[in-house]
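First comes one chain, alone, set out as structure tokens in the form predicted on its own.
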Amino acid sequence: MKSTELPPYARAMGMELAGTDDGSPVIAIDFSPRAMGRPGFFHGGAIGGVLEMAAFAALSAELERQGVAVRIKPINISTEYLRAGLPERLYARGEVVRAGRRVANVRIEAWQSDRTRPVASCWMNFLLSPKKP
């Protein structure tokens, strides 16, 4: 995945690239019926999906900057839901903490109107392997 494009799942959910912050893509999604859980709130799975897409986008951007061509495979994800996702635009941005030869670690936060009050955060770990010709 290039950092400037989103996969079909993200596009189907209505996610979009909302810009960059310090070189990391910011992914956004508007509240809609397809992202709703209980009435009037984001579904936890929709929030988790935005976090995952932000992680992939941040790692892809970092690897592009480094000129590294590898396959990215998620190893695990640990998500913390901190407050309810209200019916307004949700943003997420990943920060690559480490991108070694075989493993990468990314920290992601999602917020709404106030970036200092995250809705959710997570860690994702990835296996990096050479692309096969």
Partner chain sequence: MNDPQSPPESPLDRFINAAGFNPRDWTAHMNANGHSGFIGMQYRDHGDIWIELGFDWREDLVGDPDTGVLASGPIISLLDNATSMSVWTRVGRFSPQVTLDLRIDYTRAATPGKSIVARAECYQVRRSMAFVRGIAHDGDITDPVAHAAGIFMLVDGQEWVK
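In this text the structure is predicted, and so the values were computed from the model without any measurement. Numbering follows the first chain given and starts at 1.
From this point on, the text means the form predicted together with the partner chain, which you will not see here.
Query raised in the report: So in the predicted complex, does Glu95 come within 4.5 Å of the partner chain, heavy atom to heavy atom?
Result: Although the partner chain is absent here, Glu95 would stay clear of it in the predicted complex, with no heavy atoms inside 4.5 Å.
Query raised in the report: Using heavy atoms and a 4.5 Å limit, would one call Asn105 a contact residue for the partner chain in the predicted complex?
Result: Judged by the heavy-atom cut-off of 4.5 Å, Asn105 is well away from the partner chain in the predicted complex.
Query raised in the report: With a 4.5 Å heavy atom cut-off, would you call Leu63 a contact of the partner chain in the predicted complex?
Result: No, Leu63 sits far enough from the partner chain in the predicted complex that none of its heavy atoms falls within 4.5 Å.
Query raised in the report: Wondering, does His43 line up within 4.5 Å of the partner chain in the predicted complex on heavy atoms?
Result: Yes - in the predicted complex, heavy atoms of His43 and the partner chain come within 4.5 Å of each other.
Query raised in the report: Within 74-100, which residues have a heavy atom closer than or equal to 4.5 Å from the partner chain in the predicted complex?
Result: Residues within 4.5 Å: Pro74, Ile75, Asn76, Ile77, Ser78, Thr79, Glu80, Tyr81, Leu86, Pro87.
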